[in-house]
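One chain is shown next in structure tokens, namely the form predicted alone.
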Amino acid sequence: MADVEFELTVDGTTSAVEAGFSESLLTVLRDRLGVRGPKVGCAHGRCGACAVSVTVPGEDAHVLCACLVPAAIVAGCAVSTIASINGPDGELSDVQEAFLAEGAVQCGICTAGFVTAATELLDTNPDPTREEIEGALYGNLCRCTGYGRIVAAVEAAAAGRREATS
């Protein structure tokens, strides 16, 4: 099938992209645009290492596995990767800090996907229950850390956000 040309906004920068219609967003991000935050994991949408946040104009953001999404489908959308998740002065975000403090990082392959999913959850729900946290992280797989520390990190980030606003 012929390539299609479209504009894609990634982490606030809009670029002209040419890709095969069924070429994945992950391939375009990594191979065409040099965006390395989303990782190549399973390539089947089962591990979440490639998770990105996609915002359709006029709608809420959704965390998606970039390996499953044809890049051309998100033309005109805003794609946010781990690279755009940081604190107000460019330092680590509250979620990233909580992951470090709780020991919720090990090899790093899954971290970008977990932080992306956790950030999206807390941006829309600052006081999630444990079940809501587990649901938001469901599509992410960690083989090193174990989920207890990851869930604890999200709970800690949520508590910090609630404390900061009270």
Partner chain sequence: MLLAAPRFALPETLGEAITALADRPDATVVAGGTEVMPDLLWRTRRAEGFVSLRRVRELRGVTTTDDELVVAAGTPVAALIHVEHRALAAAATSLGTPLVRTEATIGGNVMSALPYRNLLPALLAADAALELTGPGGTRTVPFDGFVTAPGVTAIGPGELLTALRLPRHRGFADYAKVGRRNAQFVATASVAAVAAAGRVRLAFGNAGPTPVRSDAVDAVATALLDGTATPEELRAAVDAAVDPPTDPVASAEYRRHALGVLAVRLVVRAQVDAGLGS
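Positions refer to the first chain, counted from 1. Quantities reported herein were computed from a predicted structural model and do not represent experimental measurements.
Keep in mind the form predicted together with the partner chain is missing from the figure; the text below concerns it.
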Residue 136: touches the partner chain in the model of the complex, heavy atom cutoff 4.5 angstroms: yes
Test of understanding: in the model of the complex, would residue 22 fall inside 4.5 Å of the partner chain by heavy atoms? yes
Please determine whether residue 4 contacts the partner chain in the model of the complex, using a 4.5 Å cut-off between heavy atoms. yes
Residue 28, heavy atom within 4.5 angstroms of the partner chain in the model of the complex: no
Mind listing which residues of 42 to 60 have a heavy atom within 4.5 Å of the partner chain in the model of the complex? 42, 43, 44, 45, 46, 48, 51, 56, 57, 58, 59
